[in-house]
Structure formats: structure tokens, C-alpha cells
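Encoded as C-alpha cells, the following chain is the form predicted on its own, with no partner shown.
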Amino acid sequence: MPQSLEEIFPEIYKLRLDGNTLLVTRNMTPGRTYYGEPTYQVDAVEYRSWNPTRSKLAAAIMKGIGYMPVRPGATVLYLGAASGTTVSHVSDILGETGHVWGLDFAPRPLRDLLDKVARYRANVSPILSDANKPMEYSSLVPKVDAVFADVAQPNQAEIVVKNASYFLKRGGWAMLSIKSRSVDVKQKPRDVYDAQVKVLEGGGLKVRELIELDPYEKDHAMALAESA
């Protein structure tokens, strides 16, 4: 039996079980899982384990990020959705009154996102497109509360700035998972993080927090930025 369940952000919990601390979200579709994740029953409610070694957003939460724009009722544009591991947890958090648009340029993982996640969750919309070209999907996505990016591209920060200019509400938030080795394998990761922060701020976003994601993700950091 769990020792305790602590809500650290709205609909994001830490479950302490047998001396271990697990990150979990309340399962929006009880009885159905999406990538083999364990589930736990607490007071007749089912929670899904959210592994921080498989999700940059989960890693940032476990590392103590101070603010979480992904919250119940919010609208989120998720760039680099892949097959939907993290998107499924974002869907849990947003609930029935929120929505996440999950974008990826690769057909195979996006098909998995459609078949395994969006088919069972009305608050998930997959989009097959290139995050470098927001004008191509501008008719599909409204203004959103948050833009989240997990894209392995050298111009990661530029991608966030482009999409924020199209889709982010004034006072909204952007989150960028900075993959230093995708930007420049020769530079020190910290130098890459600082350079990406400068790009975000040069694009009109105010970076409020930068968290390195080790040991969950080597040579990664999460930047949290607010729109002007």
C-alpha cells in the first residue's frame, strides 16, 4: 500500500511507495495504459506512473521546476510529440476542459499517437507537420496557454520563438527541452544552454528558470519562459 500521495502541482502527484518516490498522474482512462506504464490504486482512483527517464517534462518536475504551465483546463501545443508518452500524461493533467495539440514530422510515431492515445482521449489532437513551419498548421491550432518543445534540432530555440509568435497567448508560457548534443556536440552543455536562452530572450520571451535534467537526461536542460 502507498505510504502517501502528495499533489505537487494541480493533477501532478508524488506517490511514496515502499521507500521510493514515484511521479504519477490521475489516469483519464482507468483500465487503459499507453506504453506499459505501471498503475496504482489510491482511494479507488487509478494513477499512472510517469517515468522521468522517459519524459523531459517529468524530469523537470522531479528536478524541482518552480512553475508548471501545464495545468487543468489549459491549452498546449506540444512540438515533438513522437508516439505520445509524455502527451498522454499532459492529457491527464489538462483534463476534459483542456486540450493538447501534439505535433511531429515523422508519420510512424504520429500514427502511434493517433491509434494508441488520441483515439481514446478527446483532448488530444495529433498533427503531422514540421515544427519549423508553423504557418502550415496555423489553421489547426488556436492561441494556446503553453508551447512545449522537445525537438532534436540544432535550431531548437528558434523553433520555439517561431511557434510562440504564432500561437502563444500574451502572458503564456514556453518550455524548451534543450538537447545540447543536438545543437553542438563540440560545445560544453552549459554554453549551449546559455546560447539557447539568449535566442529565446532575443525572440521576446523572458526566461524565468533553467534546470539541468541530469541524472534523468544527460546533457539536457529545461528552459521555462514567459511571453511578454
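Computed from a predicted structure; not experimentally measured. Note that residue numbering begins at 1 and tracks the sequence as displayed.
Below, we refer to the form predicted together with a small molecule, which is not included among the displayed structures.
Considering the small molecule in the model of the complex, the lone stretch of 96-104, 114-122, 69-77, 138-146 in range is 96-104 [heavy atom distance within 4.5 Å]. Heavy atoms of residue 131 reach within 4.5 Å of the small molecule in the model of the complex, making it an interface residue.
Interface membership of residue 157, defined by any non-hydrogen atom within 4.5 Å of the small molecule in the model of the complex, is ruled out. Taking non-hydrogen atoms only, residue 56 approaches the small molecule to within 4.5 angstroms in the model of the complex.
Within 4.5 Å of any heavy atom of the small molecule in the model of the complex lies no heavy atom of residue 92.
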